[in-house]
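Next comes just one chain, in structure tokens: the form predicted on its own.
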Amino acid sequence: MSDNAFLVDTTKCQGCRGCQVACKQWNGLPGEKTEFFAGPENTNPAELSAITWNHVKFFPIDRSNPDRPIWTIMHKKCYHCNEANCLAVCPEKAISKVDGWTIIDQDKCIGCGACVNACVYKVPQVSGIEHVNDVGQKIVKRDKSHKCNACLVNKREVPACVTTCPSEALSFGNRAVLVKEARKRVAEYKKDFPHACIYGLDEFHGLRVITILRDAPEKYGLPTGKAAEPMEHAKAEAIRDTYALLSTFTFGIPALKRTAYRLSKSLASKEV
């Protein structure tokens, strides 16, 4: 299994969105239909989606020092949790770990939305469109869940988002080495940002995307504490077991499979 990870340094991000563009170009993803100021401040599009797997989010400007206002910007994608809720709840085992990364098998996905509901980061999304890229690959499939795959599907040695970042806000390499580098940087950043911290060391038993933040995770809308702990195994197993029983009556029809999952979740929740 690969020990690689991403390091996102929010103190270096310039908000150029080069990572968004590179991800779309490399993976053949279509553009979003957006409008100005779709999200907070200059964020556009507003959130991650089935066709936007890398996202640059802007937060309100820190004007505490009128002579030196500071932009707070964060690159976001799938965090590739070591113990991922989306993997735990998927009734079709369409989500698995490949070389340490959390990957969705489009051939198995039924678009039930289990992963969408389970992910506290709101990363995977079910597509409402079909899209074929310039070389004829059907990258985006209707009624299937999509998200960042760390460039394992359209494989490359270093993910596209990292290679295009002009300010070195994104790094890719051995996780232990990146964590050591993150600790070193945060110790220095605390001189200017006393609440600077590292996110991703322990959340969901460790994330494959380590993020250096200028302030507390809550300021970035990132969950902490119990909200960042894996789903209880008993609950996930109850949903899957109930679905395994009900799915025998779906005859392989996707619409019936989605209905069976929703019913499974409802029944299992009453039991656990």
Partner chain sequence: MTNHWIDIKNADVILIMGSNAAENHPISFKWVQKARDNGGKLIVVDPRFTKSASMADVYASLRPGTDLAFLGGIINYALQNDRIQKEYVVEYTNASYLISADYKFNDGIFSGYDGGKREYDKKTWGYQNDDKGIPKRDKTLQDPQCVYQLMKKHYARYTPEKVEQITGCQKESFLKVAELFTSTCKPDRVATIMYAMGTTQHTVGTQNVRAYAILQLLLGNIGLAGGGINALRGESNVQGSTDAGLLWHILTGYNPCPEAKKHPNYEAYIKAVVPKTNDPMSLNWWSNRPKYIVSMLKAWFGDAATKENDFCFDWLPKAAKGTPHIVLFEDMYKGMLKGGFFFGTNPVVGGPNSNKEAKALEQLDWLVAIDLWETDSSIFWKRKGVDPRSIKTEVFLLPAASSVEKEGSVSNSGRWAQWRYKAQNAPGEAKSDLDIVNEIYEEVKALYAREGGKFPDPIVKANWNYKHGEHEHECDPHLVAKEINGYEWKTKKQMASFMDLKDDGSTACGNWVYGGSYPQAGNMMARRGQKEGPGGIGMYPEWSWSWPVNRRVAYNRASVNRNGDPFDPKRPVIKWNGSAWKGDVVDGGAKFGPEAKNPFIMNAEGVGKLFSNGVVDGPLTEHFEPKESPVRNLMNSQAFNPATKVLESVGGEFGDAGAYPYIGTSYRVVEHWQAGAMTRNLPWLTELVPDMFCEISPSLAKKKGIVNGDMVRIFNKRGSIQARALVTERIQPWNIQGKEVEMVGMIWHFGAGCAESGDSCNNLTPHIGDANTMIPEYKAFLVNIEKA
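Positions refer to the first chain, counted from 1. It should be emphasised that the depicted structure is a prediction, and the values quoted were computed from it without experimental measurement. Rigid core here is just the name for the largest C-alpha set that superposes within 1.5 Å across the two forms.
Separately, the form predicted in complex with its partner chain exists; it is not shown, and the next lines address it.
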Handout entry: Glu168: touches its partner chain in the model of the complex, heavy atom cutoff 4.5 angstroms
Key = yes
Exercise for the section: Classify Thr242 as contacting or not contacting its partner chain in the model of the complex by the rule of any non-hydrogen atom within 4.5 angstroms, answering yes or no. Expected result: no
Exercise for the section: Examine Pro254 and determine whether its closest non-hydrogen atom to its partner chain in the model of the complex is within 4.5 angstroms. Expected result: no
Handout entry: Contact flag, Trp101 vs its partner chain in the model of the complex, heavy atom cut 4.5 Å
Key = no
Practice task
Using heavy atoms only and a 4.5 Å cut-off, determine which of Pro230, Gly206, Pro223, Pro45 is in contact with its partner chain in the model of the complex.
Solution key: Pro45
Completion exercise
Within 4.5 Å of its partner chain in the model of the complex, heavy atom basis, the matching stretch of 194-202, 105-113, 78-86, 160-168 is 160-168
Exercise for the section: Just give me the residues of 98-115, first to last, that have a heavy atom within 4.5 Å of its partner chain in the model of the complex. Expected result: none
Practice task
State yes or no: after fitting on the rigid core, is the Cα displacement of Arg68 between the shown form and the other one at least 2 Å?
Solution key: yes
